[in-house]
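Just one chain is shown here, as structure tokens, and it is the form predicted alone.
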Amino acid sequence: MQFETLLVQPRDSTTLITLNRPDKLNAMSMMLKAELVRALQELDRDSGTRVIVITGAGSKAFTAGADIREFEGRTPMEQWRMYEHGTIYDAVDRLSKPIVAMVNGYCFGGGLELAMACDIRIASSRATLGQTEVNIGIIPGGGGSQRLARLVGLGKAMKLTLTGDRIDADEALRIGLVDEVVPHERLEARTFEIADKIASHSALAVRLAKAAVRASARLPLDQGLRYEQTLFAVAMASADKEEGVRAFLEKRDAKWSDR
């Protein structure tokens, strides 16, 4: 796949997407967002890709957020039409395959919203994160007001959103905004260790597990439990369940068919 603002690099069963505008701190222009949506849709259909990792080019930023220059002069109706066609955050959220944010530096505004839409967030010890939109007179528009509170709780989300403050990686870990912090020089190795472990499992089981956990943030408990039971029944009907049980009993590694 060829893109102007992205680098897409398959590595065995994990594909790395790099936001490639380092001179702009990987700010997400309309072109970058459109290309990222296309890349994700293509990789979701690609049987060779089992896990996707997103990071930013260069040593400074995951992404500093939206390209603010594109906000100037934009009308409310133009913004609403963009939402009608779906957003990059929707595309990440709806992906059936696991997606990991490798947060290597600045992660602000829409960049934090992108990371929060991913399934797992691994941060460099150098990373700085913030829901910073209020600093330029706007509010989160890519899901930040909803996902942030679900991750860190209402009070902490309110504080970050209303102050526009930036926090370091250790504080982000403490409040649950990221899932792991590692020394910067180990970030890529650790992220791919996690991604490759996920990729080693049955792709079908991983997709069903992701769907079940995602539902916990959207459904009341009784509906979520019923949905989990439905997905569990689907897993029980799979060839991979039979292979997994046999491999366990025979004390060998399973050979997944992803069916």
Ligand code: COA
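Worth saying up front: this structure is predicted, and the values here are computed from it rather than measured. Residue numbers run from 1 along the displayed sequence.
One more form of this protein should be noted, the form predicted together with the named molecule, which is absent from this view; the next part is about it.
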Each of 99, 148 and 156 near the named molecule in the model of the complex, meaning some heavy atom within 4.5 Å?
no
Location of the named molecule contact in the model of the complex, chosen stretch of 102 to 110, 119 to 127, 74 to 82, 175 to 183 [non-hydrogen atom, 4.5 Å]:
102 to 110
Does residue 23 reach the named molecule in the model of the complex, with heavy atoms at most 4.5 Å apart?
yes
Given that the partner is absent here, does residue 60 sit within 4.5 Å of the named molecule in the model of the complex, heavy atoms only?
yes
4.5 Å heavy atom contact, residue 64 to the named molecule in the model of the complex
yes
Does at least one non-hydrogen atom of residue 197 fall within 4.5 angstroms of the named molecule in the model of the complex?
no
Of the residues 68, 219, 211, 30, which one places a heavy atom within 4.5 Å of the named molecule in the model of the complex?
68
Sequence-ordered residues of 231 to 259 touching the named molecule in the model of the complex, heavy atom within 4.5 Å:
none
